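Starting off, we have a lone chain in the form predicted on its own, written out as structure tokens.
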Amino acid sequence: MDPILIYAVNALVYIGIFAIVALSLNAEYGYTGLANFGKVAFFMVGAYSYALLVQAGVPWPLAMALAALISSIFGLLVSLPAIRLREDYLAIVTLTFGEILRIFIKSEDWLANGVWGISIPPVFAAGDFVTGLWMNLALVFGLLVACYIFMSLLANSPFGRIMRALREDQVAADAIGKNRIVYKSQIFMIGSAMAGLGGALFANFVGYIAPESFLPIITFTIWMMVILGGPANNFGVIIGAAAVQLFERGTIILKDYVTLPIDPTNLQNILFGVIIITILMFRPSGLFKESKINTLGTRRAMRWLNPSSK
């Protein structure tokens, strides 16, 4: 198989994995306004849960589902004390949780081999790298499509309208009898489950994970995907994930052809910062505007308001 094609398929797998995690942040921040700066923690919980379950002999599809479930439980546990906080304090709490969890796993050797990390046996075509690569691509994009459909249905459901109401005016949501604590906890669980699923796919694909695989920069990268693509637009978020991944890889390749005056990683971070500032200044809604609610009721209302659109 052509090395360039292998590189392209590898990039697509990463795009699919991080698009799922970006969709999870879109549910929390894009639709609900919850500033989760500890996204990498739930990604890490999913990855480690999957690795430990597979090592224990659990079949990989069940391990993947359990990893998402365990991440959602962590999401609930974190949300219960933190969800009442203001947005900025919620961001601090979730960011701290991510670092505490990473340091805990790093220091407790009995749990997952500490700093040395753990290996995950391949579940697809052991010994055949190319076949395993294509199988992973199919799995990741199959689950990405499932997550996209789920998020689209959720955003256009009554639950999705409550999510937007919580983002726009929590007092108004309270006034119409919506328990914002319960709804926010549920949204945190949904977002954490999807992030955990992304973590399980990541662990399955790379075959080895360690605490240093889950640095806070991953959280900020996922935030860039959402901000770039457009909060509350699932399609835009996927495009944002693809753009950020391609940009990351492009700057890495660039150093092989151009003599850079600074370290490529530092250049990458500088360019990311410039792009985010530019977007926030000139297009704060991202590349794609927020998707409108599309339900049978809204379609009927639009036809009633504008009969010529029939």
Partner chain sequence: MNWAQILFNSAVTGSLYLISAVALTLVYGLARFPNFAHAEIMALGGFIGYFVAEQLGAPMPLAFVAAFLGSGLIGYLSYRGIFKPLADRGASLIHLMVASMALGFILRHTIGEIWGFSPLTFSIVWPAFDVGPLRISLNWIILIITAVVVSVGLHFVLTKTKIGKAIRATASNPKLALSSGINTTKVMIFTWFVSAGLAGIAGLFRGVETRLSPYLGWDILLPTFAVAVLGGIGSFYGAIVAAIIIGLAENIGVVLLSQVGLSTEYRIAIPFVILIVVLIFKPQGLAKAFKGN
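Residue numbers count along the first chain shown, from 1. The shown structure was predicted, so the numbers you read here are calculated from the model rather than taken from an experiment.
This next part talks about the form predicted in complex with its partner chain, which is not shown.
With its partner chain left out of view, the stretch that reaches within 4.5 Å of it through heavy atoms in the predicted complex is, among 129 to 137, 198 to 206, 78 to 86, 178 to 186, 78 to 86. Its partner chain is not shown here, but in the predicted complex it comes within 4.5 Å of a heavy atom of residue 35.
Contact check for residue 29: a heavy atom falls within 4.5 Å of its partner chain in the predicted complex. In the predicted complex, residue 93 approaches its partner chain with a heavy atom inside 4.5 Å. Looking at residue 220, you'd find a heavy atom of it within 4.5 angstroms of its partner chain in the predicted complex.
Heavy atoms closer than or equal to 4.5 Å to its partner chain in the predicted complex belong, across 267 to 283, to the residues 269, 270, 273, 274, 276, 277, 280, 281, 282, ordered by sequence position.
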